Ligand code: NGQ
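This document opens with one chain alone, in structure tokens, the form predicted on its own.
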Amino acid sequence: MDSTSATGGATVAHLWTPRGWQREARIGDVAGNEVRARFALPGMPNLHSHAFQRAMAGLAERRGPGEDSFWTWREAMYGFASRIGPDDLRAIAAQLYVEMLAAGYTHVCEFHYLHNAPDGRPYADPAAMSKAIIEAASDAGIGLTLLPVLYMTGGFDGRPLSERQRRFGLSVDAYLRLLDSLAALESRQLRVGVALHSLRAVPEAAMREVLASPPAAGRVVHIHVAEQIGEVQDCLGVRGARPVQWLFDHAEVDSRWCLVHATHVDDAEMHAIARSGAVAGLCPTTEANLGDGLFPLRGYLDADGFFGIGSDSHVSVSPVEDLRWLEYGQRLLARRRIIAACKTGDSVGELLWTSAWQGGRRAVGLPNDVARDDWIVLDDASPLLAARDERSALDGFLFAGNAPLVRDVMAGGAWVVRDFRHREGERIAADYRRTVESLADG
């Protein structure tokens, strides 16, 4: 089989769909190189990404002089972000997106707030950094929902942005102009949505103005919310309500919304998210790395809530690891096994993949249908899938170890990974190495 060919179809002995497994199904084009596979799944949407942070993974793991937390990590992240320009961002994002595809992600929501130059001044083209993301996604071949972020204040009290936050900042008018210009670039593989960084970074009046504007109409809306205990306490102190409670009291949260993290919610807030049809955007490996806490998964599933997964800061780029740790975190908390699946005989792997795929599709702004062009083919030759049938394939994929099991990947109707090799992987990796070495030297 030609590992670089973008054409061709596949005959799959067992193809997973939202309605269950299909036998002897076909995916892809009739013409071109043919793939024969035992198991294929729809590609997973990655609903939360900060691409530039991939290049700093592992660089914030030395203990500081005081207690380390999300807030101390954030200062390290700000320092790293201050060195990145459009060309750097394109190279970093392209490498990240290759890694996502190889792992089984076929669409990504890029929560993008590096808008301005490091000194806070706009680039000659205010969309320069956004276009770097778009170019990277096109180069890698991944579907992209670009979420330009509104970021205006440094806290719930409305304080100005700090010096290192100024490159994130936009006025409402500048934000809407950016949103409008990016919407003009939309294509089959590019969608544009709305992102409010957080309640602490977006004043109420600005939130209302953006959500009521024509450029935002009908688009998905993503927001960081209730990630940290300190955020909840600050919101209570300044606004007299918990973050998710305040959001539901002041915005019409519905199925277009993705509440990223929503870690620290009480029972009433959890049920409000579920009733609204919004998606809880869970990022277990990043949330673990930052010491955020654990989302109340079992209660949320009992309330028929939607969730999806994202790799966020990219300390791990693997839907397998994020789904595994979503379940394992709950097991550690409850001190028992099998949390996500509640009915006798239900598969944890099938429930997690199905739920995260459905919630992810909602968060990226795509329908939950099966007439799609994003598929991953598992490795028939792997010992980890030996003696596995459709009843055990997804559990084996998620819980049998860390050997790569994604052999081939189709995104947007084209094979971008064949026999574990991305069609442009070597070139993109070389560009990435040059970029991060230059950043390190700087």
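Throughout, we count residues from 1 along the sequence that is shown. None of the values given here were measured: they were computed from a predicted structure.
What comes next is about the form predicted together with the named molecule, which does not appear here.
- The shortest heavy atom separation between residue 114 and the named molecule in the predicted complex exceeds 4.5 Å.
- Contact annotation for residue 362: none of its heavy atoms lies within 4.5 Å of the named molecule in the predicted complex.
- Remark: residue 235 does not count among the residues lining the named molecule in the predicted complex, judged by a heavy atom distance of 4.5 Å or less.
- For residue 286, a non-hydrogen atom is located within 4.5 Å of the named molecule in the predicted complex, even though that partner is not displayed.
- For the options 123, 73, 248, 300, the one in contact with the named molecule in the predicted complex, meaning a heavy atom within 4.5 Å, is 73.
- Note on the partner interface in the predicted complex: the residue among 197, 256, 242, 167 having a heavy atom within 4.5 angstroms of the named molecule is 197.
- Relative to the named molecule in the predicted complex, residues 224, 227 and 312 are all within 4.5 Å by at least one heavy atom.
- Just one listed stretch, out of 184-192, 125-133, 75-83, 262-270, contacts the named molecule in the predicted complex at the 4.5 Å heavy atom level, and that stretch is 75-83.
- Contacts between stretch 401-416 and the named molecule, counted in the predicted complex as any heavy atom lying within 4.5 Å, involve no residue at all.
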